[in-house]
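Only one chain comes next, encoded as structure tokens, the form predicted on its own.
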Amino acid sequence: MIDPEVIVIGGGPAGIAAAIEVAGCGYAVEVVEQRDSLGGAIHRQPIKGVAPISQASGPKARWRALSDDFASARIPVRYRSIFLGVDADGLVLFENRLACSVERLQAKAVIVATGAVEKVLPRPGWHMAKVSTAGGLQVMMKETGRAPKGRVLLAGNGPLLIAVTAQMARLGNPPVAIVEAGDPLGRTGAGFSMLGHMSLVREAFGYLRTIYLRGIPWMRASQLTAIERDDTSLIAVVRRANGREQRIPVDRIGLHDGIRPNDFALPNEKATSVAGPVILRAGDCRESLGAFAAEADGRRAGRAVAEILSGGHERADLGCVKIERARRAQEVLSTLFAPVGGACPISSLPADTILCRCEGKTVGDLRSLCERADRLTGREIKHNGRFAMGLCQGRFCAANTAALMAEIWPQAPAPVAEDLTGRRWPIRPVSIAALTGARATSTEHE
């Protein structure tokens, strides 16, 4: 088998658009995708035999056009393959879960398009069973065509909560309420600024219309302060805008506090083929700006790689108009949905609040480590306290751990998640079976 010239990691809008551009420039390209189908989280495809759920017309049309272009380009895809990293020899490593083996490819360029992940801030009880992310509930609906069962409450911050609520309502089980930390209806200035981004306004209006017609409570300027459990239910403890506390019995809670780039342990960008492949990032893993910008940024990255491989230089202006427009839209949305009174500091949480779910480590455990006379580094916090040492290796807790360290040490340089996790491959855990069955797909470089 001949190795491709360019490898694209991720089959979402950015990865698909990048692959189309590379193929159009005459280079052999392959896509490495961890799932059984393309689309990423935003265009997640239903499982076999399930009809797609209703979507807004704009995203639906964009996906149809993009997938048609990809099909016409006849680009090979390696499904069920997990990107592990780029080793010291410049080989791209991935776990082929169909063949249960670790495989490697030699390529001239790698475009990493691994998308975004949800941010979830810790709260007392957030680690309990039946508490998940709102985005996780959305993905489940897209795959199964069914809304989650029982009484569901969505809480946190950001426009995704509105979209998930509308989708649940259209599938027959609207949430009992949305608990939103911001107050977008109270920020008229930012609201008027959104009129410059009418495609987003139309999509949001469709969601809000569904919420209004179904009578779903939208508790703005409110905080989910804790999650408790009684004999039969979860109890969502909500602090309303007027300071009053409300306790809501539910069966399931979906949390969402924004999104961030899915850049955990990714290799650094490198716009030269000296000592290994060119490496560029594309889409939300480079900057979280939404699906429309992700597709534009994928095309930018694809054209940039083609320019570099042909002997030119990466051009900063490729696709910059659409990306800059999306950046301005996200800035307006951030203002519109900014938590009223600011986000609650992690340092205000009770000491027994779980911070690292894998290892069961709490806010109090981290405070004890940070109060030592000999101030510990992020790596020492990890090794001494087992923060970011569990199965996820800090993928979910490192950012919150670093944020609490910064609140405890306000005079010191602010720690970042990478201080705990480091940067190394494999990016994801690898099964022993795959490691022991490691084989090369090509013997040319052995």
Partner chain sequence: MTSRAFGWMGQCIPFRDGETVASALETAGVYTLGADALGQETRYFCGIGACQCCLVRIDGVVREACITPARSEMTVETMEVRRD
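In this text, all values refer to a predicted model and were calculated from it rather than measured experimentally. Numbering follows the first chain given and starts at 1.
Keep in mind that the form predicted together with the partner chain is missing from the display, and what follows is about it.
K.L.:
Using heavy atoms and a 4.5 Å limit, would one call Q34 a contact residue for the partner chain in the predicted bound form?
P.N.:
Q34 belongs to the contact set for the partner chain.
K.L.:
Classify L391 as contacting or not contacting the partner chain in the predicted bound form by the rule of any non-hydrogen atom within 4.5 angstroms, answering yes or no.
P.N.:
Judged by the heavy-atom cut-off of 4.5 Å, L391 is in contact with the partner chain in the predicted bound form.
K.L.:
Against the partner chain in the predicted bound form, would I82 count as a contact residue? Criterion: heavy atoms within 4.5 Å.
P.N.:
Answer yes; at least one heavy atom of I82 falls within 4.5 Å of the partner chain in the predicted bound form.
K.L.:
Looking at the partner-bound form in the predicted bound form, is C100 within 4.5 Å of the partner chain by any heavy atom?
P.N.:
Yes, C100 sits close enough to the partner chain in the predicted bound form that at least one of its heavy atoms falls within 4.5 Å.
K.L.:
Is the partner chain in the predicted bound form close enough to H43, R220 and E287 that every residue in that trio has a heavy atom within 4.5 angstroms of it?
P.N.:
Not a single listed residue reaches the partner chain in the predicted bound form, so no.
K.L.:
Have a look at 326-334, 356-364, 211-219, 303-311 and name the one stretch with heavy atoms inside 4.5 Å of the partner chain in the predicted bound form.
P.N.:
Going through the listed ranges, the match is 356-364.
K.L.:
Please pick, from A293, L153, L224, A116, the one residue with any non-hydrogen atom lying within 4.5 angstroms of the partner chain in the predicted bound form.
P.N.:
It is A116.
K.L.:
Between the options R244, K149, R247, R74, which residue brings a heavy atom to within 4.5 Å of the partner chain in the predicted bound form?
P.N.:
That would be K149.
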